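The chain that follows stands alone, in the form predicted on its own, written as structure tokens.
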Amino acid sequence: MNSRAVFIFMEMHSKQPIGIFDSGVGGTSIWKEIHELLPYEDTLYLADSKNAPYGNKSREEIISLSIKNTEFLLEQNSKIIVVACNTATTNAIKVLRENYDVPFIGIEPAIKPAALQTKTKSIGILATRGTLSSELFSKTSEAFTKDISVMEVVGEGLVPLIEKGALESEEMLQLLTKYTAPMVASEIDYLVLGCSHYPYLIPTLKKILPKEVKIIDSGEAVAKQTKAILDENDLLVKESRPPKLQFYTNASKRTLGLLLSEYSKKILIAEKPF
């Protein structure tokens, strides 16, 4: 594995695509931030919706799926891989970095900025079970929240609804109201979204949360880090050009098309049994 990865690393050049994978369609929220910051870069997005959500799987399963996704993206000559899934990052990115000589960008819940900026000394974290139970999450949380009240809530059932495109359904509203009620009672002033699917819930969350509660996710930070690592490795596209924007899913293209509707004339979405 290592010899193959070294070969890929040596052959990398700026015109190869940025590879991105997630347990489903949610990581498109990260893709949008990357595309906005790096509009001339080719991108290749992999939605493993057939296996969503990762948050309820074992660490071994998550690592296995992350390796499968990585190898697919490397076969498509990706020059960098963005793990646009909190659960995959917190459980598998260390293994991926140990086995492949290609830069990896991970995504973690934005605990640090919430902890530094909270006025009420109370923050909420909405995430999957796999993220909240991971060692990496625990270390990050312990490092920045020693004098802060942190309410962690597992967003059970949210990812399947997002994968179905049921963003504004009554079931979604009821679940979000149920999950945020104890946070509001604890007087949080920051809600950290710990899953790349969850930014699509921000419009509904704003309707049910007090106006003073700020909602933060990791998308912008991931995009900036992707740009920094590409620049550091001299892999940024230098010229203005129309990018090739490809999306693959092993489920229906419908939800991807819905979430990316504003880009419909620029992107290619394909179903692929991987």
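In this text, residue numbers run from 1 along the sequence as written. These numbers were taken from a predicted model, which means no experiment stands behind them.
Not on display, but discussed next: the form predicted in complex with a small molecule.
*Asks:* Evaluate Tyr54 for contact with the small molecule in the predicted bound form, applying a 4.5 angstroms cut-off between non-hydrogen atoms, and reply yes or no.
*Replies:* Although the small molecule is absent here, Tyr54 would touch it in the predicted bound form, with heavy atoms inside 4.5 Å.
*Asks:* Though only this chain appears here, would Val159 touch the small molecule in the predicted bound form if you measure heavy atom gaps against 4.5 Å?
*Replies:* Output for Val159 is yes: heavy atoms within 4.5 Å of the small molecule.
*Asks:* Under a 4.5 Å heavy atom criterion, is Ser78 part of the interface with the small molecule in the predicted bound form?
*Replies:* Output for Ser78 is no: heavy atoms all beyond 4.5 Å of the small molecule.
*Asks:* If contact means a heavy atom within 4.5 Å, which one of 128-136, 113-121, 70-78, 94-102 is the stretch that engages the small molecule in the predicted bound form?
*Replies:* Flagged stretch: 128-136.
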